[in-house]
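Two forms of a single protein chain come next, each set out by itself as structure tokens; they are called structure 1 and structure 2.
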Structure 1
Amino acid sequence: MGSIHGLLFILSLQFFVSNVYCLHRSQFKPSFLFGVGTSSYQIEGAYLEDNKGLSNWDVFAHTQGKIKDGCNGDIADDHYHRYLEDIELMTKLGVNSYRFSISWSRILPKGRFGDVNMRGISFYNKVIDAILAKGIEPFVTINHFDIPQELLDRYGAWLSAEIRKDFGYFAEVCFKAFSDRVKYWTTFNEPNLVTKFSYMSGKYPPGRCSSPFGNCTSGNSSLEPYIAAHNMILSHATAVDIYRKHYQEKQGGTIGIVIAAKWYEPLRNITADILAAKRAMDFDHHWFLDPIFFGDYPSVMRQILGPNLPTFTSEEKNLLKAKLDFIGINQYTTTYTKDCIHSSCTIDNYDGNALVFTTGERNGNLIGTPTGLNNYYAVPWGIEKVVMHMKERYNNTPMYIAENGYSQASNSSMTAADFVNDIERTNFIHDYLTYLNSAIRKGADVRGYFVWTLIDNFEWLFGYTLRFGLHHVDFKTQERTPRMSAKWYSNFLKGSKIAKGFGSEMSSEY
């Protein structure tokens, strides 16, 4: 009996190790979307070509001192001219979906105050047709941070309710032009992040903030983020309403919104920190999703913010009702969370409106492996926590992991060879997919996963000093070089059962 038990133990251990350290495409449904993601400003370049208007990021990135390396997205990856080359990279990977965004200022250089730029329409038609010809589904984001500078100059962009009309108009132009072929739409990418960076810390355009959150020439960090968010939420609802009334039934697509979704873990196993972690979620994920699902902001936000938090009219609540088909989740990291109501906190990493402090360290130990982005750690179990939380809170609404990726810091002295053997990124993707698969086995309705990103790009405030790409880009020559992670992802998508970090198992066919 002992030898039989021993044999059974060894077999069960082998099964456990196999399932923990190896992945196979067959562990996900055949219909599961596996893709890569990009965004318009970060890759396209051609910033004034073919009648494109200036975006807020065109102007901001040209302002001295705003971008770490002093660079901008004028050329970026030159995707506007090299899109066929980049689609060929996707084809070699074996992805079945491509998530990208549409440049608002390329389609409507002056918002609704000007003509539709048909050359911009033509560019995205060519991209959509080219990826469909390769068997790749377009997964389109209507707004990924960049907006026409015209709207900022005219009425202050997201601080004015006027922008709801503009966003609805832009969305309908996109639906009319592309929704006969695009079946996956998202209205916004990370609105919960961009509102904080634009109107709380002032790091993103239009650079508005107030003390102690930042040192800006104008703004109110305790008020303006919530006005901007309110207008974004209602802009989302407006666009979805247009899609559902005029396009969805005929064309059979779906529409959602993409939220930046850190996992917040209590720093200490005490009630105050447990409540702080929940409060951090309320002031982050739930801030945008609760109004869409429940018709109002989380109650704790209203308790803390009082009159600074806008209210929804009964008409607006009717507009919001169930206004999405899926939730997009961008998940990169997990952080410890400490209460700042009953405990003193330093200003660094302090979310004053949520009254919490976040840190990656507890008792001298880091929560995960550091990445190239400060305060971002590889914590694979965090993705399962986020997905299961969304499942429970929002009635298991279908979910897509719209972004998940690993950053490497870079400088001008590094070469492509320094970046190609990216074992850390390879392990990151493997481990996060493993925990995502665990959540799916537990019943979470997750239907897709997109690696951020296809190619190194202009990484917002970091310029070209931070690299997320499966493919290295030499920005002097625009040469694309596949990294180990690209080869690993390709092998996985093509059905190889591969353990993490084993370069010898990479196919030479890539």
Structure 2
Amino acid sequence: MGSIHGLLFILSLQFFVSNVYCLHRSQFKPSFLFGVGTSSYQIEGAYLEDNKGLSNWDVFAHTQGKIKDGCNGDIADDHYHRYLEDIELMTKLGVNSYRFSISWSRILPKGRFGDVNMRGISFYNKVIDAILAKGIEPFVTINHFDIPQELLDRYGAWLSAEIRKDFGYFAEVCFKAFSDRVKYWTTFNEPNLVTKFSYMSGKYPPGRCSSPFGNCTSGNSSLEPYIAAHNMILSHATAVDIYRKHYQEKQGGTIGIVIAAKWYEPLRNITADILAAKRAMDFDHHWFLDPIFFGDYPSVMRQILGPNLPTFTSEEKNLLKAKLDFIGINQYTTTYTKDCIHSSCTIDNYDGNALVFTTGERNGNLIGTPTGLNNYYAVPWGIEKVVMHMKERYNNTPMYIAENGYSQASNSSMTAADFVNDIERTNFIHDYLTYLNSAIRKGADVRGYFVWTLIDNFEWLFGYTLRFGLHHVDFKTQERTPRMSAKWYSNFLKGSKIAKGFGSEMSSEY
């Protein structure tokens, strides 16, 4: 008996050690997608080449004072010319999937008011064919923030119902050209974030907002984000409807949407804050996902926003029903949430309409380690909370972590060694993957994970001052150098046993 107990003890200890302490590729299914992500405006450059039209970000980044370092994406990583080199980096990493987005104004320089640009189509054909030849599955975002400037000038872009036709048309052009080879589609990247940054705080183009949310010349922060979102939700449904009717059955692909999914933790263990955290989720993630799953916005949004929240007609509700195959989740951070109905708060220009205040601090302690991005703390357990929450609320619909990553602030005094010895990023990815795996063991149907990002790139408002890459980029020479985190990820993907952080069993590839 004693020896059996001893054996069981050793077996369970082994289980404990290999499953809890030691993250390993084999803890995820072989079919699990492990990839890296990028987006068109952030890496491509070639902003006027081969008939590309101007995008809203081209125009915005050229406006003085908008981008922290005064830079823009005219050249960025010059990926348009260096895509083969970048695909080589992916091959070295050993990823089986690559998430990238299609530049709308490269394919349709004037939206549906002009011709399809065959040179644009040809660029993405080359990328898709090159990755497939390396055994890497394309995971394609139809729209990642950048839209043809033409649509903004003509009718105010997302504020007009007109855009649903334009988005449906663009999506169909993409399906026609690429969906014979692309099996993973997402309509939008972070529509819940981009609508707030564009129409609530006014920090992204077209820079519309009202006081006290921000200081813009025009806009209405309590109304316009909800109109823009309404048009995005119906644009999403239009695109999925087209895909389902004309492409999906023949080609067997899948389609979803990617939501920015911060985890909201109650600040205090009191009912008001627990409700506040729920309300924050309603006003952020459920705002987009509830209509797509259930046909309408969360009721608390209607209670608080009243007539500022648009309504769906019964026809639209029908169009919306069950209009996705998977949920894409971008998970970076977790925040404490404080109620502002019963307590007085300063206005928060991201979550404020939910009558909540968010903070990274509780009783003088930070929720996690700070990162290069203000208010973005490393909170690995948050990814498990988000995934388990989505599993419960949306009937365990398949999920992909479409982005997760760590930013370093860069300045001119940094040495080459500072840039590549990214132990913090390495540990960040390790720790988030560990908690993601825990959610999967609890039954969450997560099917993929993409590190943001392959290479340092144009980080929106921060220009080139924030670095998220597994590879360092010297923007003067365009030289790419793998960081410690790239080596770690590659070893992990190749199945080496690695303990926390930077292990000793590096592959000789690097």
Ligand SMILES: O=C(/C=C/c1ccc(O)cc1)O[C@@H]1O[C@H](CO)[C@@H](O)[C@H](O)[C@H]1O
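Basically, rigid core = biggest C-alpha set you can superpose within 1.5 Å across the two forms. The model shown is predicted, which means the values in this text are computed figures rather than measured ones. By convention here, residues take numbers in order along the sequence of structure 1, the first being 1.
Only structure 1 matches the form predicted alone. With the core superposed, residue 348 shows a C-alpha displacement of at least 2 Å between the two structures.
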